[in-house]
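Shown below, as structure tokens, is a lone chain in the form predicted alone; questions about how it binds or moves come after it.
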Amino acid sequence: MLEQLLIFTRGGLILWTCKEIGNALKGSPIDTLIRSCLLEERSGAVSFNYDAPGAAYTLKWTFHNDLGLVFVAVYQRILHLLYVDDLLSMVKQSFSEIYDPKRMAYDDFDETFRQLRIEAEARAEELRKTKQVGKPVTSVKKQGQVSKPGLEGGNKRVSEGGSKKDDGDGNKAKVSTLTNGHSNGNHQMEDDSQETDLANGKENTSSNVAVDLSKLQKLRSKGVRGRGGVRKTDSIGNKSSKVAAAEPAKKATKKNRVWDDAAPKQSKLDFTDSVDENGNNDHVDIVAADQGESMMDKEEVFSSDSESEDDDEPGSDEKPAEAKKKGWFSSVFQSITGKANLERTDLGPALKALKERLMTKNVAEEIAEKLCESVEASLEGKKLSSFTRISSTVQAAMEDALVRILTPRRSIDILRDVHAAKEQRKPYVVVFVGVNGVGKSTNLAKVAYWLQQHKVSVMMAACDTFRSGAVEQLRTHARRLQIPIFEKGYEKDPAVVAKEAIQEATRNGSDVVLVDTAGRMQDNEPLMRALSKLINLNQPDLVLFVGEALVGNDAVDQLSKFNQKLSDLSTSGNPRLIDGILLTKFDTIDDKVGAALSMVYISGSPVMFVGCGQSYTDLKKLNVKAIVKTLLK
């Protein structure tokens, strides 16, 4: 049974609800659909499932993009109603005929909806009956097909017959067996090559064919391809084997290294600062002071430079301008006399090109496909204005979608949250999590340096008790930045170490505790369980996922499995998931910035920091406009 049908505008104004149904929905499925699906550019999905205490709903929707209307149907998931899609399309067509932007009430639509619902239910019932009647007929046909083995399914029988007939005159036997009308090009090529071998006086046995095929596979693996069949590849194979045999003679010219001269130069490899017995370093203050201002406070200068990069290059836009000019003149008449409303066939080529462009920018394939489906759903049925090309319309819609995804929907001002926690007389706790080798400890030190510049007292907690050298690495950063560090060595429970560090920070009056954790793969069950215990026991204020900007499709797997494991292994009813993302190695990717989009889309968490170098100042905020411009360039 249909629970609810709702019609509202994209601005959120409810125009009509079905009073006849009148069922009170449990929870807020419509609000969740808007917040988790429509605003997240997931409107290309077929349906949306909503679970509430005592109810499980399925929601389906459709858009009238030209009028800016949304039609949503809600029903119990267990029912599997077949007429919902048909009913939504009929309601969309009927309501669009009477829609007036100045009108707010549509009470007269109740009778129309009642008739449409009866018609949709009748169609679904008739379709169900025809399927039930058609099942025995199809089964009889299948039985008839089995009872006549000579007509269909002959590939297996012919191959068996061919093996029996092939007794030395193999090629003719094979040609005679492939008379079922389904011979393909592979068999024809094989027969042609065998006929040429027979003409040259060669025996054409199955063993020779097997040997030739093995040679052909070896030659193809080396990059050698022939057009004339097996004989040509044999001659090429002999030449390549001779060249391969001659290559090792050229490589035997390596000189031995002289080790005696390198001994006195070993002292120059030690670039560490001298430390006395108490661990004090005289050069630490100078090193920390020379770092300068963090790039987190230089966002405006960097964004203006990055956005004007392409404009400063002379001649770079001349060819695209000419292409645009030609495309405009060629499509001007099509834009005037073409179709009034956009259809899927019109949007297909532009969306395909846009998907390939996103994938070249390192966006995960799954994410690029979903984004294109969402843009297609938002543009289908929309009127194309005069002198406007479909490609530019699609690109503008994709740009709006990308800005909407990458723009944070909540405050990411950590300094404000730190001061709020300070007023409550408790430290602000940040936990850094991620896979191995992405730079958690290094970027933790960058965040600590940035907080120091804003007069915030910081304490580091060395909770990576798994990797050898992790405590020493964090201790080096703490010594250089003159920051206290809480450590308990190795082979300790990281959750207990973090708890004791927070207690120590509370006693000492530290404002922020930065917790370093061990790198772990998303499939490592013991380490993921230890991470879940650390987060559940200490309830940090911020859980930062540290990920590389170099990853593509793997970003989806990492973030989704991290969130899934944290949710499954949590002992509380409201599990803590990833709150924000820190992208590292952003200076090594050139224009392959798609990892930022993939991570934000799959997790719904904003990118709070971007690491772009190896010094303490190389930390900045994400420039959304520059990222979107790079993705669509």
Partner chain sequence: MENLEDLKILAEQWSHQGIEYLQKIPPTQLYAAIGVLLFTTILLFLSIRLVRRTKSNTVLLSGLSGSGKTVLFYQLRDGSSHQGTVTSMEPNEGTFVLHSENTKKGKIKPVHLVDVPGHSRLRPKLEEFLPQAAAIVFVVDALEFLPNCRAASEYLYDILTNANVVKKKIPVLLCCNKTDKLTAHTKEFIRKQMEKEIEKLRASRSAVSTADIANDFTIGIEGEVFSFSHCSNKVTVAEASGLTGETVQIEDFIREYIKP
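Only a predicted model underlies this, so the values are computations on that prediction, with no experimental measurement involved. Numbering follows the first chain given and starts at 1.
Beyond what is shown, the protein has a form predicted together with the partner chain; the following relates to that form.
Indicate whether the partner chain has at least one heavy atom within 4.5 Å of a heavy atom of residue 119 in the model of the complex.
No.
Using a 4.5 Å heavy atom cut-off, state whether residue 587 contacts the partner chain in the model of the complex.
No, residue 587 sits far enough from the partner chain in the model of the complex that none of its heavy atoms falls within 4.5 Å.
Might residue 77 be said to contact the partner chain in the model of the complex, defining contact as any heavy atom within 4.5 Å?
No, no contact at 4.5 Å.
Does residue 579 reach the partner chain in the model of the complex, with heavy atoms at most 4.5 Å apart?
Contact with the partner chain, no.
Of the listed stretches (37-45, 52-60, 591-599, 560-568), which one has a non-hydrogen atom within 4.5 Å of the partner chain in the model of the complex?
After filtering at 4.5 Å, what remains is 37-45.
For the three residues 409, 420 and 454, which mark the spot I'm curious about, does each lie within 4.5 Å of the partner chain in the model of the complex through at least one heavy atom?
Checking in the model of the complex: 409, 420 and 454 are all within 4.5 Å of the partner chain.
In the model of the complex, which of the listed residues (111, 493, 366, 413) lies with a heavy atom within 4.5 Å of the partner chain?
Answer to the contact question: 413.
If the cut-off is 4.5 angstroms on heavy atoms, which of these, 472, 126, 343, 400, is the one near the partner chain in the model of the complex?
Contact check passes for 400.
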